[in-house]
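Shown below, as structure tokens, is a lone chain in the form predicted on its own; questions about how it binds or moves come after it.
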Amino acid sequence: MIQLERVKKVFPNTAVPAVDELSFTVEQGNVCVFVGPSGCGKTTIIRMINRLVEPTSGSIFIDGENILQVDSDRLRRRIGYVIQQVGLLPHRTIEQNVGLVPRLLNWPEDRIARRVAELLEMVGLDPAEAAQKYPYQLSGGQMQRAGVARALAADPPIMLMDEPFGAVDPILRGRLQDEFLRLQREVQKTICFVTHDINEALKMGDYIVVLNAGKLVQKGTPMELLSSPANDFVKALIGDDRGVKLLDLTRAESLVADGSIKSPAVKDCSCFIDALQPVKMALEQMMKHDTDSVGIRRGDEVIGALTWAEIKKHIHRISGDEG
């Protein structure tokens, strides 16, 4: 768990804080996405969490421990860091890049080799083909995958991701997002994810922190932001098509009410979709199977159901807010 308490950052020779009295918590195992316009403090926040930037005031805690009282090198070895520019060392092979932190931690070479192969497979790279290549020999998408593998190498409990998919084309970006969500289901890291793209934030986040001029404007689930934007700034950030975003970007699991697994609708379901798939997929399955309910699975577990009436209710509420 990551906690920020009244964190402030004022850079030298500037009067306006880059981050201004910010307080929030990132729960263990969740993806918390920071979104907002350029210069709102998103990157500064995650750079303070791994102490590449020191806060001017306030406190940051990881699992109850004040990070300012932890050796910075030891702290960073517990945190995976992925940036838009990937950050792979160009003069080292992919195997050497991915195994960098384990070697700093003095892992045995056979353990490093197993870990590298495991991670490359996990992110969709063939170890036999990719391990001995240099970064320039990979495509942009492959380098992004290798960057994620390197961040996961020492199995850190926390990952910081700064615009990790921003440098690739939209189609590949969507695929990388999908792969990352599936990977997160397996590894269950606590993740701080920076983006300027509200669509990416709605898709990737368990929770979203909306920032403007270094201040927290709203924190909530994608559903909470779509249905109850805090003010005109958040409404403008989301856009006029909130109902469409609900269908296309919100994960099905976000609309499954607590306890819905006990609902008779689950027993009546003739079709199912994965919890990470968008609500739009639930509607497509309803039309395809001529039914008004779709079961929601997380792996092999049925976690609930979505009905046409529930989806319509959410769309109507959002449209009503817009009206």
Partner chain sequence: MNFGLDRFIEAMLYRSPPYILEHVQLVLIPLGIAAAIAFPAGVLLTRPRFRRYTGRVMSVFNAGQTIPPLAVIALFFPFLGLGYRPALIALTLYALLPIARNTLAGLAGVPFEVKEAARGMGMTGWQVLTQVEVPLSLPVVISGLKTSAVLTAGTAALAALVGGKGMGAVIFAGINFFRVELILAGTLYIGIMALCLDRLLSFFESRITPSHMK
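Residue numbers count along the first chain shown, from 1. Just so it is clear, the structure is predicted and the values come from calculations on it, not from any experiment.
Note that the form predicted together with its partner chain isn't included here; everything after this is about it.
- [ ] Verify the contact flag for L104: yes if a non-hydrogen atom of it lies within 4.5 Å of a non-hydrogen atom of its partner chain in the model of the complex, no if not.
- [x] Taking the distances in the model of the complex, the answer for L104 is yes, it comes within 4.5 Å of its partner chain.
Open item on the list: Considering non-hydrogen atoms and a 4.5 Å limit, does its partner chain approach R145 in the model of the complex?
Closed with: No, R145 is distant from the partner.
Task: Contact of G87 with its partner chain in the model of the complex (heavy atom, 4.5 Å) - done: Because a heavy atom of G87 falls inside 4.5 Å of its partner chain in the model of the complex, the answer is yes.
Open item on the list: I'd like to know if V70 sits close to its partner chain in the model of the complex, meaning any non-hydrogen atom pair within 4.5 angstroms.
Closed with: V70: no contact with its partner chain in the model of the complex.
TODO: Mind telling me which stretch in 236-244, 191-199, 111-119, 129-137 gets its heavy atoms within 4.5 Å of its partner chain in the model of the complex?
DONE: Careful reading of the contacts points to 129-137.
Task: Selected contact from H289, R297, K280, R47, since only one has a non-hydrogen atom within 4.5 angstroms of its partner chain in the model of the complex - done: Selected residue: R47.
Open item on the list: Between R185, R92, K215, R175, only one gets a heavy atom within 4.5 angstroms of its partner chain in the model of the complex; which residue is that?
Closed with: Among R185, R92, K215, R175, a heavy atom within 4.5 Å of its partner chain in the model of the complex occurs only for R92.
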